[in-house]
Each structure stands twice: as C-alpha cells, then as structure tokens.
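One chain comes next, on its own, written as structure tokens: the form predicted alone.
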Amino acid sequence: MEFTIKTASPERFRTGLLILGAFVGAPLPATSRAVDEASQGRLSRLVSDGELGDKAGATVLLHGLAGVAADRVLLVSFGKADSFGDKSWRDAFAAIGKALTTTVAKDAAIALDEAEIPPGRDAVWALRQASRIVADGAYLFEPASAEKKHKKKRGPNKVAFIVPAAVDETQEEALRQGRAIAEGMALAKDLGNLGANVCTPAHLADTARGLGRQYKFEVEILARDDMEKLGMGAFLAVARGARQEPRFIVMHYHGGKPGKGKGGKAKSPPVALVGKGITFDAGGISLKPGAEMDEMKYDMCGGASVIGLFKAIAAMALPLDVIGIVPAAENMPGGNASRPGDVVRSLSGQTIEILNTDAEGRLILCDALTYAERFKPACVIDIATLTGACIVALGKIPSGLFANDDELAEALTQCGIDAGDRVWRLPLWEEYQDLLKSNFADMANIGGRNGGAITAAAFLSRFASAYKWAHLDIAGTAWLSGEAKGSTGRPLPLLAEFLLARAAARKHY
C-alpha cells in the first residue's frame, strides 16, 4: 500500500473512496464540513438523525454524493467529543483499515483534520500511527490450499492523506515510518502463522539471512557445534529432544554514525534485542496437554518480532546500532530429551536444575542474555511468550514488563502508550529469588505455582546484571485464539516506537 500526503479541498478531490471523520454530539470537523456544505447538508443530517453510531469506529458508506468529486464517501465516527482520546482515535482508524480491505475502489483518500488528532498529539504522531494501523489492517495471511484460487485482492493500492496545512519533511517521514513498521509486523505475523513444519529454526535463520542480503546488514548463524564450543549448555538442553537442528541467530544493524575507533565502530553502544524462538513447544518430557497445542507454533513470536523489527528499522534507515539475537529451537519429547532433575551449565557458568522441561524459554534466553554482554550494549530487551501466569495476572491487553532499570522501564511504558501497544510493569523484588533455590545447582528453572511470571523474570535477571535490561512477557499479546486466530505482530509497534525515540534523542547529542 502506497501512502502520500496531499493538500487539497476534500470535496474537490477525485478518488474512489473519500474517508471523513465525525464526532457524536459535536459540529463536524472542518474537512467534513466542507464536504457537508458541498452536498447541501447530507453529512450533518446523517449524524443528527443518528445513522452514524455513537461508538468510535462506526461507519456509514455513501455512493455518488451530490456536489462531491469522490465516487464514494465513508463517514467514520470518532465517538463522543468529550471522551475523545487515543483509544477512540485508534478504533476509528482500525475501522478505516478494515473498510479499505473490502472496498472495490482503486484508490482512497483520508481527510485528516486537526480537530481529529487526540489531545497532546501532533500531526507527525497521527500520520505515523494512522499509516501503520491502516497498512496493518490490510494484512492477509494466505492459507495453504490444494487449489490456487488466485482471488484478486480487494482494496486500494494508493491511499492519500489530505491535510489542511502545507506538507513538511517530518510528515512525509512519518508516513514512511508507519508503513515500514506495518511491513515489519506483516513479516512477524507471517512467521508466526506458518505451521511449525515450515517455520523451523532453519527457516527463521534463512529469513534473517535474506533480510541481511536485502538491506545490507550482517547476519551470523551459529549451529549446534558452535554453541557446544561456546558452552551454551542451557540452550542445548532444550534442543536435545528435537530432530530439527537449533540455530542461534545474530543480526547486526549498523545505522549509527561511525566513530574514530578501530574498524569504524559506532560512538554509542548498541541496543540489543533478544527474541525467544521456540518454533514449537510440546513441553518436552513435561508434555503439555493436547488441547490447543497447535497454538504452540506461536512460541517463537518473540523471535519473529525481532526479525520483523529488523526489516522495519532497515527500511526506515534508522540512525542507530541494533543487535538482534534469536535463539531458535524446538522443545520436543524424545529419547535424548532433557529430563526433570537434570542439571546443566549455562554459558555464564551458573548451573541450573531443570525441574520442568516446559519452562524452556528461560533456558534458551539465559544463554542469549549472556551472549549479549560481548556487545557492551546500552540496554538489552528480551521478548518472549514466556508464561501462562502472565496471562492470568494481566489478561491479554498489556504485555508484562520487568526491568532492572527504572528509566528503561519508564521509557518502554511511555512508548507502549504512544504506540497503542501497552505494557504493565510487575515487581522484581529480591524476595522472589528465594523461590528459585535448588539443592543440586545454583538455581532451579521454576519457582512454584505462585507468581510464575515474576519468578521466570527473576530467573532471567540473574543473567542480565551486566547491563540495563528489560523483559517483555508477551504470552497474552502475541497471538489471538478463536475465530480471529492469528499472530498480532506485537510488541513490534512498541519496540519500533522505543527505537524511534532513541534515534530522535541522538539527533540532539
């Protein structure tokens, strides 16, 4: 989907579909009012008669509106004016994205009025978020089928944003950023939605390699032998039961300004992102129940979000240095699988008693967190579908956030609000460490039934003391179940917003 910005009179703009906004119980915004006057009050009568629903995202489609150049006009509700904010704005643009997937119009235009930008936000924010939401709304996963139906995809290829003031470079850049983030989300969703027989550790590695070739960044792939030489005993303990060979994927994006040091290294340390890449989680010897086990193909969504994010930051040419690490493996039962009671030595040298083989994510992540130390990162963020306990605690609305640094936690929280991809911070008090005691190793890999999301994070914190670190538990937000089953692409919008904010801050150094 191609986005452009136009300064034009909406009633005179020739397009297949013109999209306008309205509030319930308030005058029409200026752009909608211009179309209303051209159509002799058609829109205002429609609103006053109650044809447009009160709820943000309600729509009414009009054909051949007199006095208007567009073939069709879609009126979208922003809800009640006195309660207008980020959520109602996002609901309206999500409805716009959905409407664009069903229209037969070949092109479309969205008239964005200043009155339709939430309080405290500006046009740059609105254009970046709107283009991302609209483009993401057009996402379609092509299911495997014996018959290739080759249905022609509905919806416009070109969407113009009509703005009331002159266009500047920051607005054009915001559109490009939103589209790039949506493209990264699409890749993350594709990887998550593929069956585990297709999206194997090798497939994740090949995808990362392909992005590296396309966008000219370095990708390293470590195989089992490499990991054995390094001493990644925790990671390899998880991979023992599977026939699919594990991969340890390391992506190096060098967008920051080169420094004066040897090899032209960047002046600022990189941000490191670590994504859990369990391409299928059967639980190992601690086998999961059979019901809904198919959804365990989504246990690599943390890794998918990191790979998708690298596509987005490369497309945006973000002026930062970023390291992406994806430990990828399957967790399967088998004659060579790790057993409850086994003790393994991690890359850090710390030993772990495996009490439950289904608590495998923390085992692959701990070696990845130790590996990240070599890059001397400014901060490390790991992203993982780690615990069902996080869903019990928070539901499926925010991702769980844990951090050993308040400033990093606050930045992620604010970026989550800005991106509409929220997180909620949970404690990492020292008292929780006592639950990980083991008689046979430095620690156990589980801490009992209570506070499971917290004890999992407490476990990871033992491997992240060398730098500022945050952990995102996305078990409740990475995918949807039921009729809408599929990957959500979260928390890629949050992470992109975080990196964009750091890039903007660097301009003032």
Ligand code: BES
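Bear in mind the structure is a predicted one, so any value in this text is a computation, not a measurement. The first residue of the sequence shown is number 1, and the count goes up from there.
Keep in mind that the form predicted together with the ligand is missing from the display, and what follows is about it.
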Next on the checklist: Against the ligand in the predicted complex, would residue 132 count as a contact residue? Criterion: heavy atoms within 4.5 Å.
Outcome noted: no
Checklist entry - For residue 359, is any heavy atom within 4.5 Å of the ligand in the predicted complex, or not? => result yes
Item to check | 4.5 Å heavy atom contact, residue 367 and the ligand in the predicted complex | outcome: no
Checklist entry - residue 117 near the ligand in the predicted complex, any heavy atom under 4.5 Å? => result no
Item to check | Candidate stretches 378-386, 237-245, 406-414, 422-430 - the one whose heavy atoms come within 4.5 Å of the ligand in the predicted complex | outcome: 378-386
Checklist entry - 158, 98, 345, 288: which sits within 4.5 Å of the ligand in the predicted complex by any heavy atom? => result 288
Checklist entry - Within 4.5 Å of the ligand in the predicted complex, heavy atoms considered, which of 62, 34, 441, 446? => result 446
Item to check | in the predicted complex, residues of 288-311 near the ligand [heavy atom within 4.5 Å] | outcome: 288, 296, 299
